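Only one chain is included here, represented as structure tokens and corresponding to the form predicted on its own.
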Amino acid sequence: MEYQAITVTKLNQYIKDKIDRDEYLNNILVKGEISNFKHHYTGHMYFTLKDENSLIKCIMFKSYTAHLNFVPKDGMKVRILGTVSVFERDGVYQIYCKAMQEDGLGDLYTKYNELKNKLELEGLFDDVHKKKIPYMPKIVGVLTSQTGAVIRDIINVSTRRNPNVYIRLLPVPVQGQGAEEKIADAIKLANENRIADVLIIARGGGSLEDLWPFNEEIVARAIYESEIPIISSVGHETDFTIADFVADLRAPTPSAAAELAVPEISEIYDKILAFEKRYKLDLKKKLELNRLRYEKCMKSRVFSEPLLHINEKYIEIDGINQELRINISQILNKSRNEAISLISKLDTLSPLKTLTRGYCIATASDGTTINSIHNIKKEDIINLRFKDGDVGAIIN
């Protein structure tokens, strides 16, 4: 018996028809963990529902997503009410979700939150530990897969922005068992040999499982201990890993990481030209200002009549000198009058003044004044002082 071949489309239609007629599959309740979640700009949600051993693709159209009271995300455990059907074009079956409710968090997501909280309490995410990205790096180290599109994007963006920057690839596995240890070892190696001015850790998007090496503690601590500044770009813009929080800077995409690490050389040239133009203009203004100040100074009386100020000072000195002379004269006259007055008083009290009235002063041979007859005896030689001279005498 010869079988007649059918087309792939016919086969997919047949399978779809079989599944669509199954009442159990038309209204089924399934529980599992969300993975590889994507919220399309149209409003539809695409994701994978999995358990320990299997997975199935799911789609929830915009008309149903409006009734959700939570935001689905990777690692979340949910219960889904929907219909299993075949997408004929791709020949795959999937669940068309009508309703969804939370059923707890997945194990990976729980581990993610536990480690995130632990490292945050230790201060590994604090801004005070963030190192500044060098403005003009000469060497950019890239930790990523050597065969993916990520390294090509980084090279293309970097060389376009500055062809003088050297890109040094440190090939590491970006997913799978043991990837975290190799990533941490590569970071330590880069620091020990100082092979770059800045490091970029990058990989494309993926599910929570695919990105899990970047959620491991060994990678987080290697990033934290790195002396070389690190830019993290893991997954899509909506994906956040532990590495993103610890890194010195996070970029939404690998291309954005290259833009953050490598400055646009044309912009630097433009800045240099702008600075040069501004400096020339400022210098011209300063020279003009100094010229005007010079001309103003040369027109001042200090330079046109340099001796005028000196002569004015001479006049001031003459005035001060005359004032000093008058003050000295007044002081001398006052002192002279006071001296005459004192001399007059002293003359009035002088014993010599008494001698003019006929008195004399008797003194012993030793010069002491004799003021009593008891101070002398017979045969003593004394001296008598008159107003016009002295004479000697003997007491008899």
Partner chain sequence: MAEKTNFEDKMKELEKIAQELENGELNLDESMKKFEEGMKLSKECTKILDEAEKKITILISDGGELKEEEYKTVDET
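All values reported here derive from a predicted model rather than from experimental measurement. Positions refer to the first chain, counted from 1.
Same protein, other form: the form predicted in complex with its partner chain, not shown, and the subject of what follows.
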{"query": "The single option of Val174, Ile167, Ile95, Met76 touching its partner chain in the predicted complex, heavy atom within 4.5 Å", "finding": "Ile167"}
{"query": "Single option in Phe275, Phe303, Tyr294, Tyr314 placed near its partner chain in the predicted complex, where near means a heavy atom within 4.5 Å", "finding": "Phe275"}
{"query": "Partner contact for Leu283 in the predicted complex: its partner chain, 4.5 angstroms, heavy atom", "finding": "yes"}
{"query": "Any non-hydrogen atom of Asn193 within 4.5 angstroms of its partner chain in the predicted complex", "finding": "yes"}
{"query": "Heavy atom of Leu115 within 4.5 Å of its partner chain in the predicted complex", "finding": "no"}
{"query": "Non-hydrogen atom contact Ala99 with its partner chain in the predicted complex at 4.5 angstroms", "finding": "no"}
{"query": "Its partner chain in the predicted complex: contacting segment from 107 to 115, 148 to 156, 303 to 311, 252 to 260, heavy atom within 4.5 Å", "finding": "148 to 156"}
{"query": "Any residue of 115 to 143 that, in the predicted complex, places a heavy atom within 4.5 Å of its partner chain", "finding": "Lys132, Tyr135, Met136"}
